[in-house]
Structures are given as C-alpha cells and as structure tokens.
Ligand code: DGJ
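Just the one chain here, laid out as structure tokens, in the form predicted on its own.
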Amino acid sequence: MKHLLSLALIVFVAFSAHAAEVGRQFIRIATEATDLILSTAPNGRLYQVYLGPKLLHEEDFGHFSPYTRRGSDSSAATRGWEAYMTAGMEDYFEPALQVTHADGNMSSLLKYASSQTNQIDENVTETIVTLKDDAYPLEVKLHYVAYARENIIKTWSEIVHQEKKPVLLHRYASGIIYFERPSYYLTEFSGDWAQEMQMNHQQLQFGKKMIDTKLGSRAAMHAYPFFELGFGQPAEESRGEVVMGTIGWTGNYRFTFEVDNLKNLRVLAGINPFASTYELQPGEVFTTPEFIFTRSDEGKGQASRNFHDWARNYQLKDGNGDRLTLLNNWENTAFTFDEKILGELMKEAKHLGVDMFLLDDGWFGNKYPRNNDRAGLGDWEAMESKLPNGVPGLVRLAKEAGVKFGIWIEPEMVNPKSELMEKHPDWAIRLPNRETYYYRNQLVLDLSNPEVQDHVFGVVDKLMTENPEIAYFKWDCNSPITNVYSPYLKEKQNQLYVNHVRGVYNVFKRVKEKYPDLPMMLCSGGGARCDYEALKYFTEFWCSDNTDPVERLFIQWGFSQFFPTKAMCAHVTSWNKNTSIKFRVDVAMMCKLGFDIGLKELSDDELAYCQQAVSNYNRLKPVILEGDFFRLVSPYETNHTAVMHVSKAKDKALVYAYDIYPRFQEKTFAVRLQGLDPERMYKVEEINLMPGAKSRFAQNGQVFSGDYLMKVGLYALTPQTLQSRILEVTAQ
C-alpha cells in the first residue's frame, strides 16, 4: 500500500467502452459519496456531464452526453456545460474566463489537452486537467482535490500564457459547477457588525443572483462567503439533496447563480472581478482561490459535518489540536488599565481556571498613546505610562499568576495620528487628490507593497523575539479598504484588490513558517474574516463582537453550518444582563470557550458556577472540540434552540437546550437526538447546575437506548424565558 501511495503520478485511465462517440474520455473526481464527471467531446472541448451521488458502474458513463439537450429533441446541440467556459464564443451566459489577448481579440476557446491524477494519500486525490486555447498560447490548468471520507471537493484554476505582450484577465473564476433540477433554493448569509451570519432563503428564478463583496479588507462584513443550495425545496437540516460551498479568499469574492433559458443552474465562484482587471505577464501564473464544496443526500446537517471533519483534518491550523480557554480584559476595562490592573486580572484568570489571560486593545503607543481608537495604530511599542515594564513585564506577571499570556494586535492598519503615518504616509491606501475618508479613524496599510509586508510581519516577529513565551495572538482587522488607491502600484490600480490580499497571505505564511505552533485568533470587527484560506494560518476566529447570548445563538447557528465549533470563539460577557450567568456560559460552552468579564461583578455562587463550568468544559473537550455536531431545534423556526455534540466513538454526547422567548404557556416538544448508537444504552444527567440547585429535568439520571433517544427524544425544553440546560449523555 505504501508503495502505491508513494507514486508521484498516476495517469488517469479513460473510460470509453460504451462511449457514444469514439475517442471520448471521462475524468472522474470522486469521494465516497459523490461523483463529479467531466467528459471530452468530438469538438475537443471538456464538459461537466454529471455531479451527484456516486455511481456504481463506470460502464454507465458512456450514456452521458457532453451537450445540452433541448426539451424533447434528442439531437445534440453544440453547446454544453463547459468545465471552464470562456467568453466570446457561442455561449450566452456568465463565463468562467474572460480574456483580452495581446492583439485585442476578446475571445477564447479552450480545448482538452491532458489530465492526470495524483494520489496524495489513501484518502485524497488531486486531478489536474490541462486546457489550451486553440488559437493563442493560453493555457488553463483545472485542479480538483477530492477528500474521499469527508466528501469534500475543492477546485481552483491556474492561468498562464506565452503571448508576446501581457493579456488582460477580466474574469477568472475558481470553478464552475452545473445542475439540472426542477427548482433551486438558495440560502445566503448576510449581516453587519454585531449581526453576523444571518440566514435568508429564496428560490432562484431565471437570470442571475450574485453574492459578492467589494470591501477589499474586512471583506465579509455584509455578505459572507458561503452558500447552501436545496433542490426542490429550501435546504433542510436532516433530509433532501443539498450542496454547500465556500471560497478561500480574504478579499473581494463573488458567487454567481445563473438559471438559464433551459432552467439549468450554473454556479461560478471566484474573486470578484469588480475593479480588478489583471494584467497577466507572459509566463506569469495566475492562481485563483480555492472553491470548496460538498453535497449531501441527508440535508445540510450532514453537509456541515463534512466541512467540520475536513477542516479539522486538512484546513484549519492545528485542526486536531487543543484550544486554550481564556480571560480577556476588553469588556472589563476597555482602554483604561495599567500594569497593576492587568496583574490582578491575571490572578482572576487563574482563579477562574482558564488557561490564559488575553490583553486586548490599548497597550501601545507613546507619542500618540492608544487611549481610544483615534490614535496609535501602527506604533507597536508598549505604552510606558500604562506598562512601565513593557510586554516582558506582563509576560512575567502572567507566569507568576500561573497562566499563559496572549495579546491583541491590528498590524494591517494605521491611525492618521501615529508615528508610522508620519514616517511612511505612502504606506497607506489612500487617494492622492481627494479628501481622505477614515473608517473607524484608520486606514488600511498597502499590503501589495513588500516593504509594508515586512513591517506587518515585523510586528509579530519583534514581539515574539523579545517575548518568546507569548502564547497567543488576537489578530484584528477593523476597516474595509476606502480611498482606493495604492501609491505602490501606481498605474496598475486595477490589481490592488488582488495584490493586497496576496500580500496579506504572504505575511500570514511567514508568521506560520517561523512560529508554526503559535495559536492565533482571526478577528475582523467580529466575524468579517471567516474564510478557509485565512484559517490555514489561524486556529480559530472571533464570530462577533455581539456577545449577547440570545444573539449568539443565531450567530453560532449560522457559522456552525460551515465551521467546527473548535474554530468558533465564544466569550462570556456582561452583554444582556437579563440573562443569567448560567445562560451566558451555557451558550459559550458549545464553542471554543472564553470569558471577558470581571470576576468581582459575580456573586460567590456565580463565580463557583463559572469555575465548575470551566472544569466541565476541560473534561469534555474531546467531545466538544472533536465530536460530530448536530443542530436539533432551530431558533429561526421556534422560540427555542437545541444542538448536540457526539463523540466519534458514540460513547459520549452533550445536549445543549435553550429556551429563548417562549409564548405564554407554550407547549414544548421532545427533542430528538441524533448521531447515537441505537443499540447502546445511555445515561442522561444534567450538568452545569448552579451551586445548591437541583436539576428540574424530569428525566435526569434515567437510562435510555440510543434508539429511543433518537426516535422519541428528551423533554429538554421548557416554556420558561431565557432558561438553559446542558445534558451529558454517557454510554453504559
């Protein structure tokens, strides 16, 4: 087996035994549950002929036609579902590639040249398909990576040419997939600061629907880079065919959903071409972001678990590693603190039982002290008036308190009131001939500039070199790109949005290469950075600045569609004091747990409860961080919500049940669990009780079969307002 897996290259065998046309080749991109099948045609071009449940018999492939069928007419048309459709030819719809050649010709026609499949390991294969223009030295390589067990396919393209002069790329999608169904329903995710990841549904009709962003940085502030497709009905949790997709790009992206005149749907994903015509030099390879998708015949719940497993195993930094619980100071102190106050908070972190103290904004700047958000960004020296012993003094205090130390940075940004801006005004993205607009009193540094990349990397490198015991970075990004002009790019302004993001990745890569074991939180004024390319370099992300636990139930429900809970940071704060400390902690415990609250504002019982909850969380981390996640009761459809984690061995589960705002004497129904072994017996016990409180859960302590729990369920919900309970389910 090892010898077979070590083969550098396996040439894909063409299936043609029953092909309708002589010489056709079939390229199969397969997981354990899904087939994506491409086919050549007599005209030399490559078409998608199938995307659906995995087929059992390869000899059936020959029945697929590469061309579009017109109604009841069985004669083949000349148009089909091209694997990477180009502009300027006979197809009238949205192209994947639009090029202006060096001679001004705006057409391209790609023909199949070759394909090969590389076996990465026993679970992963990469198929590379080469297409070439029949009239110009233009080449496109389509990459497809299939993760068999996780049922994930990701695709991207590489574009290169050998014309004598540059060509212009106007559109350059990562990939395109097609569907033929009676009806299509889209779930999209939108929001704003403190309203992240809100779900909306609509039926797709003839024409185009686009989801995109033009913000450049903090790109997902209004529209999130995810979608769900339901066929015949909106995507449901536990039944029906569903396709879910996302793109790994931390800048402007675009999804295009186009229903054509034959009621077929094409989905294109890629960088948003808005203001981004790219001048591609001869020999330069343009690599698009990864378009990642999965399909399920068991609803979006299974599709989500596909993403969760894939992220932990392949994409998320330290995806199978542990996560640190923490106490943050922001909600407690904001900008008003000094070394003594922080030292006391570190002792509180130890008393609470968490792993780490995280220092947030406001620790830096001397000429322009960071005492508010109007000054200091860019000047990453500890503020002497607050921190006379600098960051080394804080690391020492944390060590004395018995906790690890983490710190907040926002190195991609600059305030106009900063020494950095005085020294390097040309490092900021801003217009040379118009009044400057400041979003949140700051500007975005021009990461297309290698000098700026060195500066941003240097912020982390200097802190780590001087303080190698720093255990964690919270990396923020609070402004979109405004005043869109790069002093560095000069006449190539159309490449700013692309080159800036490439510069961001260059910095991320350098940090990861030098500090591979350094945990980092991806933050952007909340959840406005949440893509899987950035998460190659970050262990987790901050879902929202909104820590009201009621709002968090919706936000976490949305993000859980695509992310494992270990990637989603959730903190206990003082937001919404109408909720109990128990309710707030129980909401945060379903994700990566943290606290951002002063212990002095808690009663003795509340503090004791939090300490016990941290102890429970640490004990149950293998289930919470590594288990399968099931959404049981939707807050969008009821006045309650419930979710659960199940260990991979199915020997332990946690059920989280929340009553939000039930109607007066509202009837509640049993919550049917999922993911258990129907043949095993399970004991159900309520945990996370306030000191001295007894469980009011009528089924507490009882033993049930997994079959009963999944078919009948537990009465875990109540008609009371803002109540919560966590049930530990243990195999006997």
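Numbering starts at 1 and runs along the sequence shown. Since the model is a prediction, treat every value here as computed from it, not as a measurement.
Omitted from view is the form predicted in complex with this ligand, to which the following refers.
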Task: Interface stretch in the predicted complex with this ligand - options 233 to 241, 646 to 654, 542 to 550, 347 to 355, non-hydrogen atom within 4.5 Å - done: 542 to 550
TODO: Report yes if any heavy atom of K474 sits within 4.5 Å of a heavy atom of this ligand in the predicted complex; otherwise report no.
DONE: yes
Open item on the list: Whether D360 contacts this ligand in the predicted complex should be assessed with a 4.5 Å heavy atom distance threshold; does it?
Closed with: yes
TODO: Decide whether N478 counts as a contact residue for this ligand in the predicted complex under a heavy atom distance cut-off of 4.5 Å.
DONE: yes
TODO: Would you please decide whether W575 lies within 4.5 angstroms of this ligand in the predicted complex, comparing each non-hydrogen atom pair?
DONE: no
Task: Contacting member of W310, W408, Y178, F457, with respect to this ligand in the predicted complex [4.5 Å, heavy atom] - done: W408
Task: Listed residue (Y617, W557, F629, W330) with a non-hydrogen atom within 4.5 angstroms of this ligand in the predicted complex - done: W330
- [ ] Between 438 to 454 and this ligand in the predicted complex, list the residues on our side with a heavy atom within 4.5 Å.
- [x] R440
